[in-house]
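Form predicted on its own, single chain, as structure tokens, below.
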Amino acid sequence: MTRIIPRVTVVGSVNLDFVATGARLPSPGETVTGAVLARYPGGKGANQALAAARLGAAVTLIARVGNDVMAGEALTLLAGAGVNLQHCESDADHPTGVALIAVNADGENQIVVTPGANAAFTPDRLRDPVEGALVCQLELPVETVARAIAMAKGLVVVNLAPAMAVPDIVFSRADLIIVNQTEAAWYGERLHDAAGLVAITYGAKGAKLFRGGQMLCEAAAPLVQAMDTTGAGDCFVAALTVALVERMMLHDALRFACAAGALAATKAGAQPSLPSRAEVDALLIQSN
């Protein structure tokens, strides 16, 4: 049987990540030394686009980067994976977005983002067609996210991260909303008033899928040795989108997404850690 090749359009952020890995994370006002610095392509939109491509989707990224040396570095892995970057425009007035990330020995992280060109991606600049399934996050202006949702004709997936106030169209039009447990607490009952599915992730404990406040299914995350959780949530978003477009049963789709997210935590860097379809399938067989 021929597998459906999902078509996914990601409207989202592109960053260059500066990652400092050390023994522990600092407390407020504290300086921690002895860390090792690395640079990786990142941004939630770019992460989700690359993850979907590595899982077998045909992906288009609609985004903005600066007219600077960091832009090429931020897009290099996407280009290598065959993501369509025709609609990733250069902004002469704003720099490429940057994320400053601290990671401890257990893979937990703290992140500060300077959005740069992402924040300048205003709704009037969204002129390109949204084909196939749409994936959005909240590292762009919410007005731009709302316009992308209004333009979409297929499956609409919204990762409500970072948590912030969003327009009603997100809850009325999204077919799938994805949040982690911290974001779920921030949105509260409004999540369960949404018209579509709601997935809540719980880190190493897995994820649950709801509709109208009723849990439909849950899945455990496979046991792995975590190195860096940066990008694991974005990988989950992409994997669940791909699985639903492929018409997997809901429980199978959730298991697939949990396995993909778990694998993304086993390597350093948001994008270098994103797994292939074969790696996810192998982990699912092993965990059975």
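Everything quoted here is computed from the prediction, not taken from an experiment. Sequential numbering from 1, following the sequence displayed.
The protein also exists as the form predicted in complex with alpha-D-ribofuranose; that form is not presented, and the subsequent description refers to it.
- In the model of the complex, alpha-D-ribofuranose sits within 4.5 Å of a heavy atom belonging to Gly43.
- Interface membership of Thr241, defined by any non-hydrogen atom within 4.5 Å of alpha-D-ribofuranose in the model of the complex, is ruled out.
- Within this chain, Val113 lines the site of alpha-D-ribofuranose in the model of the complex, having a heavy atom no more than 4.5 Å away.
- Although the partner is absent here, Gly231 is a contact residue: one of its heavy atoms lies within 4.5 angstroms of alpha-D-ribofuranose in the model of the complex.
- Among the residues Ala152, Ala194, Ile101, Ala119, the one placing a heavy atom within 4.5 Å of alpha-D-ribofuranose in the model of the complex is Ile101.
- The stretch among 44-52, 218-226, 242-250, 61-69 whose residues place heavy atoms within 4.5 Å of alpha-D-ribofuranose in the model of the complex is 44-52.
- Along 6-30, these residues reach a heavy atom to within 4.5 Å of alpha-D-ribofuranose in the model of the complex: Asn15, Asp17.
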